[in-house]
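Below sits a lone chain in structure tokens, taken as the form predicted on its own.
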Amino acid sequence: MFKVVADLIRYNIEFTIGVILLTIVIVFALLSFFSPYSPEMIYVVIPDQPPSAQYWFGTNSRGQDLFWNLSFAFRNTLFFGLTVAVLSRIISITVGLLAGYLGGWVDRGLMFFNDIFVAIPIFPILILFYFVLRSDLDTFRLALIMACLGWPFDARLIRSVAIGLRSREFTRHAVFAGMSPSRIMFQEHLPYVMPIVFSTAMANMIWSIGFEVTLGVLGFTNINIPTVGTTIYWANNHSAMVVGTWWWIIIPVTLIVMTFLGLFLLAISMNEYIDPRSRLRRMGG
């Protein structure tokens, strides 16, 4: 794994740029642990102050220092995206490997449920959950719901790789050696699909964070929890662009674009590394 990262940093400028952008955002989010203010506190500083040496990102109309408020927002948003990516990877790996290796009725049954989840309209379902749960729809609950909806496309991709691995010589040797199907899948086949898992995890984080921001901006999440979406929601609620507090919208939008761009560059870099011809061409082979 470390060799893969070293090769990507050495030969792939897109991967390096993606790592730099995400590192900036992650470090900024981790600064929230040193915040002098609680994220729920309002009117602790002078409202509507532009960016300055005292308030680096300015203050908003709710009397919050936007630098510290956004650090909490990005911590929650990144945690949300990471939770969705990890949980949905667990489901997609399990379903994909089982369907690809076992085949037969197991494959048909799992792919039947997979296709059902593919056909589910996600955005209306999320809005429905909001109206059912209301203020109980916190970041973690929303992440669990989206993890249960965000695995089917990647499960099919992993299944296609597992079908090819099933007929490989090392798989036959493992069967003849008496290895159980579970050990073959998770010890022999899983390392081959891990590059795909990491690549799809980046894309899944973009997808899930995008949904979270959209729901937050529309007010379909708990607006009292600071996230990127709820930050922009409060900015729109106070007509930030109209009254001239442009930094309340421009700064979080700039940071979230950096996040999306960093994740996108990591995803396409991993996709390129998976393809042997692209990898050799990049390395000068």
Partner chain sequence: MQDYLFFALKRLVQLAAVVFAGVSAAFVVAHYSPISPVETIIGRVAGQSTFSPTAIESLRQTLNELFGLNAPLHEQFINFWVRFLQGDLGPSLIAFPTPAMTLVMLALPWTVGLLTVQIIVAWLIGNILGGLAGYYQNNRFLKAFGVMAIGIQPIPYYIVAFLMVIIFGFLWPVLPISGGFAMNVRPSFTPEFILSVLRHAILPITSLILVGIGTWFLGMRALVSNIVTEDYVTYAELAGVDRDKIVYSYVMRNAMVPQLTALAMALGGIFSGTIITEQVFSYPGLGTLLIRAVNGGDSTLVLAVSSVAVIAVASAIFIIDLIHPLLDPRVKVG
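Just so we're clear, the structure is a prediction, and the values are computed from it rather than from any experiment. Positions refer to the first chain, counted from 1.
As for the form predicted in complex with its partner chain, it is not shown, yet the points below apply to it.
- Contact with its partner chain in the predicted complex, defined as any heavy atom within 4.5 Å, is confined among 187 to 195, 140 to 148, 113 to 121, 73 to 81 to 113 to 121.
- Its partner chain in the predicted complex comes within 4.5 Å of no heavy atom belonging to residue 106.
- Within this chain, residue 101 is remote from the site of its partner chain in the predicted complex, having no heavy atom within 4.5 Å.
- Interface residue remark: residue 32 is not counted as part of the site for its partner chain in the predicted complex, having no heavy atom within 4.5 Å.
- For the chain shown alone, residue 177 is not a contact residue for its partner chain in the predicted complex, no non-hydrogen atom being within 4.5 angstroms.
- None of 26, 46, 218, 41 but one reaches within 4.5 angstroms of its partner chain in the predicted complex through a heavy atom, and that residue is 218.
- Scanning 240 to 256 for heavy atoms within 4.5 Å of its partner chain in the predicted complex gives 241, 242, 249, 253, 256 in sequence order.
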